[in-house]
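Shown below, as structure tokens, is a lone chain in the form predicted alone; questions about how it binds or moves come after it.
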Amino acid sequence: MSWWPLWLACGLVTFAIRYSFIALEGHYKPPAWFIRALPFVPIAALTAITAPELLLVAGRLQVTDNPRLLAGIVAIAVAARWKNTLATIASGFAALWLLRAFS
């Protein structure tokens, strides 16, 4: 069995999805509620990615004695205060390292 038909089908589907946004430009106006909701898409996506990593330990919800959650809170506080990506990442990793070293 060859993988080429599957790769070709995946490529065509990917091209069709991406091209549809370009082809519809100027011909389709999405509803107002959709346009109002668009700014929240990145926030929702990042929350969906990071929340399980911060709250779950071995697949179970763990709010207390969770160094990743505390390090995440430190990183969120740094991000809210200074709005600096490098400082946010560095503070989160430093907090995680310190919490694991002294626990």
Partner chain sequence: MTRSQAFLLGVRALLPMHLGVAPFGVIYGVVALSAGIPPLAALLMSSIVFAGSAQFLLAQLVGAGAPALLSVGAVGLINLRHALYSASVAPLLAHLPRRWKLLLAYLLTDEAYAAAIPHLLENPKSPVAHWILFGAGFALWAGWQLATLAGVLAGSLLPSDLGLDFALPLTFIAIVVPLIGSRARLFAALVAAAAAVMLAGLPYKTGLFAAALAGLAAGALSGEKR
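Since the model is a prediction, treat every value here as computed from it, not as a measurement. Numbering follows the first chain given and starts at 1. Between two forms, the rigid core is the largest collection of C-alphas that superpose within 1.5 Å.
Below, we refer to the form predicted together with the partner chain, which is not included among the displayed structures.
Practice task
Determine whether any heavy atom of residue 96 comes within 4.5 Å of a heavy atom of the partner chain in the predicted complex, and answer yes or no.
Solution key: Residue 96 belongs to the contact set for the partner chain.
Would residue 53 count as a contact of the partner chain in the predicted complex, using a 4.5 angstroms cut-off between non-hydrogen atoms?
So residue 53 counts as contacting the partner chain.
query: Are any of the heavy atoms in residue 39 no more than 4.5 Å from a heavy atom of the partner chain in the predicted complex?
result: The answer is yes: residue 39 has a heavy atom within 4.5 Å of the partner chain.
4.5 Å heavy atom contact, residue 76 to the partner chain in the predicted complex:
Flag for residue 76 set to yes.
Problem set entry | Any residue of 42-73 that, in the predicted complex, places a heavy atom within 4.5 Å of the partner chain | 42, 43, 44, 45, 46, 47, 48, 49, 50, 51, 52, 53, 54, 55, 56, 61, 68, 71, 72, in sequence order.
Threshold 2 Å Cα movement between this form and the one not shown for residue 83, core superposed:
It does not, since the residue 83 C-alpha is displaced less than 2 Å between this form and the one not shown after the core fit.
Q. Does residue 93 move its CA by 2 angstroms or more between this form and the one not shown when the core is aligned?
A. Moves: no, less than 2 Å.
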